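A single chain comes next, written as structure tokens; it is the form predicted alone.
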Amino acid sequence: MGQRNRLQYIILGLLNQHPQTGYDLAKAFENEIGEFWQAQHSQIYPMLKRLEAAGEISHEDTVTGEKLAKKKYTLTSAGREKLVTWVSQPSPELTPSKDEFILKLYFIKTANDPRIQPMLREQYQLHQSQLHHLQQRQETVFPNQKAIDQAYGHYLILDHAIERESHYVEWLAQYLEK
């Protein structure tokens, strides 16, 4: 299933949480969803039109301020049914990650290549920073067991991301020159 096909389910899932504007949906890709899936405005807005044309979402025009009209999207029963069906289906394929650093490493021939240590240091710093960010998000979004219980899948994803980054940092550290 292509990224564009999955985007429809992400939007349906986000709207299942509560009605949102296109802007709100785009912001979700900067925070929680953005930790594991990317989408741009140029993908989100056309998908909203398609989902609405298919009867899976609807919108209500709202006015904020004096003149700013916004469309607030809501999931329809058809959209909810489609989301439930998709979530219930198996996910039998592994999606390859697109990691430019790993791709570059593939083309390094020897352990004494002068580019390796700067690359490792840069990635170590980036992944340390990402790990810190994720840990902060976990503390903010899930301050107690009640918050975890109310969004358990989200908690699992964040916990997975923390584990992934922790492992990545450990892996980089073992190849960094001391």
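Numbers follow the displayed sequence, beginning with 1. Please read all numbers here as calculations on a predicted model, not as lab measurements.
Not pictured, yet referred to below: the form predicted together with a further copy of the same chain.
Student: Q135: heavy atom within 4.5 Å of a further copy of the same chain in the predicted bound form?
Tutor: Q135: no, not in contact with a further copy of the same chain in the predicted bound form.
Student: A78 near a further copy of the same chain in the predicted bound form, any heavy atom under 4.5 Å?
Tutor: No, A78 is distant from the partner.
Student: With the partner left out of view, is A151 within 4.5 angstroms of a further copy of the same chain in the predicted bound form by any non-hydrogen atom?
Tutor: A151: yes, in contact with a further copy of the same chain in the predicted bound form.
Student: So, in the predicted bound form, is K71 in contact with a further copy of the same chain at a 4.5 angstroms heavy atom limit?
Tutor: No, no contact at 4.5 Å.
Student: Of 33-58, which residues get within 4.5 Å of a further copy of the same chain in the predicted bound form if you count heavy atoms?
Tutor: I33, E35, F36, W37, Q38, in sequence order.
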